[in-house]
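Next up: just one chain, as structure tokens, the form predicted alone.
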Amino acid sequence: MRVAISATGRTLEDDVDPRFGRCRYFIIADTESMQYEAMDNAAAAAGGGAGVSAGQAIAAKGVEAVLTGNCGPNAYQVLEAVGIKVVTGVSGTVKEAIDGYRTGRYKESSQPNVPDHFGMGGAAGR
């Protein structure tokens, strides 16, 4: 299964970024082989619409699930519309997130877990 993880860096050892739309990178990984690619998140610096833009970019990568700390309503709607599972509340390293998803520690979210524009301002990461 291919998944996308919001990340603070470009490797499996980097931390999961708690923001989806404004994370710096996405790690696109195969949960079985653990092969991955790092992708810059072009939407991170957007003035608005970061969640929607990030969701569209991820959808183009053919992933089946997104693992992230938080996902707002606009990004959630884009991902849900194309059949991508959204998993929120994820933390630790990217590798730990993938392992946790594979073992059932993290479950699909049924709705966004933060309001619009959560990733902007004071709540914006580490």
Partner chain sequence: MIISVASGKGGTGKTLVATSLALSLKDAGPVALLDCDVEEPNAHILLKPEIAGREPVNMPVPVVDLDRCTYCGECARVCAYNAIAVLGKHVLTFPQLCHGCGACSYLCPEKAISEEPRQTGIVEWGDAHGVRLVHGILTVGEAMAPPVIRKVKERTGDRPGGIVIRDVPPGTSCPVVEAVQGSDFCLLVTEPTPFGLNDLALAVETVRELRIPCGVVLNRAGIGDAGVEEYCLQERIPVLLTIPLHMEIARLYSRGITLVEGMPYWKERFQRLFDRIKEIVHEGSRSLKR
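Note that the structure is predicted; figures quoted are calculated from it, not measured. Numbering follows the first chain given and starts at 1.
Only in words, not in the display: the form predicted in complex with the partner chain, which the text now covers.
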* Structure fact -> Which of 46-54, 94-102, 33-41, 63-71 lies within 4.5 Å of the partner chain in the predicted bound form, heavy atoms considered? The stretch 46-54
* To do: Determine whether any heavy atom of Val87 comes within 4.5 Å of a heavy atom of the partner chain in the predicted bound form, and answer yes or no.
  => no
* Asked: Might Ile28 be said to contact the partner chain in the predicted bound form, defining contact as any heavy atom within 4.5 Å?
  -> no
* To do: Between 70-102 and the partner chain in the predicted bound form, list the residues on our side with a heavy atom within 4.5 Å.
  => Asn74, Gln77, Val78, Ala81, Val82
